[in-house]
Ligand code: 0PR
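A single chain comes next, written as structure tokens; it is the form predicted on its own.
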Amino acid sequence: MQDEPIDKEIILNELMELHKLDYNYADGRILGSMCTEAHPFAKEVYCKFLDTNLGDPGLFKGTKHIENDVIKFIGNLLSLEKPYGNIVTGGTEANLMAIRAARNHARKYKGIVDGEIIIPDSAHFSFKKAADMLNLKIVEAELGDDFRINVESVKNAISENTVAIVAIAGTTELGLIDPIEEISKIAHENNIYFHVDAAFGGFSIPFLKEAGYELPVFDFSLEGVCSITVDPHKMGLAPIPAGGIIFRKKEYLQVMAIDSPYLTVKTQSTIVGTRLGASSAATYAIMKYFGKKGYSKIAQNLMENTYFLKEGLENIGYDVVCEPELNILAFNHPNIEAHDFAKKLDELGWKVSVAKCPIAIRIVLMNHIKKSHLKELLEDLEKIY
């Protein structure tokens, strides 16, 4: 840091020059991200709440009330009348809270010390972080030929040390929904905590189902489901960071509670202490602004774009990995390895990602990607082919 103050215009010019190195969602070239540009109204509200701290809610009672309402909105969307939880930084923190709740609950009520968690091979890497931080062993359940978790593999993986089972509603790589209803029964019958990672699918599946799409049940209407992760900063169009963790019972928060005597609350269950209230306020605003009909329209439009891209790829001759269930599409060139192909696309300015299971080019059809962008992409793909 320099000794003397610098004029703010100079600082802003410097920052804007560096900002030019960033890709812009509006350009439609970011094809591998589950995040997107936040809605302008959500950004406006976010800025108004920048100085609020939900880590000390007695000082920010209005903002805490907003967070409670957001949890209620999301919980009701997921078929839970009286939900508990928090708006946190994202899916990673939400998943960490869920696994910590499962571990602590199993430790308190079952006496399990050396815990294990069963996750599918398609699970987000955040569960490996959680296992590392919480000293838990990961047991990976196999995937079936349809790239969803194999139910028999889950059954075989259960042991006396199992503290949680995890399934995915909108897998990171392919956007698929695991057989959650079947796994819920297994978890319930074995009295095992069951967490659903719907970070991506949680803000689209309910709206698509309402619009008539035939999608499997994944929410709290299944009695075995104990918690669900859902990220408003993905399909919800809230600003980053805005993740959500919803619990069926208050006791799951209570088993994580730590004394916080110098704050306006006596205990705290979240991972972080200081928590920005702006994320809750922006999520509240954008959920009110769109309503179910607005979100349904967005979700349907993204699915239409997904099918448009799928048809275009197949017409050229590319191999689509599987029928898309949500707005994620994976495909391969018949003769070029996926990582090499991704480099070719990168040279043309398209930022894709490569799925690992199976290895394939992965495109997430988010709100910033318009049909005009997809037409440009297909033109480039035809040239490469």
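The first residue of the shown sequence is 1; numbering continues from there. This one's a predicted model, so the numbers in the text were calculated from it and none came from an experiment.
What comes next is about the form predicted together with this ligand, which is not displayed.
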property	result
Segment assignment from 227 to 235, 268 to 276, 150 to 158, 77 to 85: heavy atom within 4.5 Å of this ligand in the predicted bound form	227 to 235
Option touching this ligand, based on a heavy atom within 4.5 Å in the predicted bound form, out of 125, 307, 109, 289	125
In the predicted bound form, the one of 117, 282, 102, 168 near this ligand [non-hydrogen atom within 4.5 angstroms]	168
Candidate spot 33, 95 and 362, all three touching this ligand in the predicted bound form (heavy atom, 4.5 Å)	yes
4.5 Å heavy atom contact, residue 91 to this ligand in the predicted bound form	yes
In the predicted bound form, residue 184 touching this ligand (heavy atom, 4.5 Å)	no
4.5 Å heavy atom contact, residue 162 to this ligand in the predicted bound form	no
Interface membership of residue 178, this ligand in the predicted bound form, 4.5 Å heavy atom rule	no
Heavy atom contacts to this ligand in the predicted bound form at 4.5 Å, residues of 195 to 214 in sequence order	197, 199
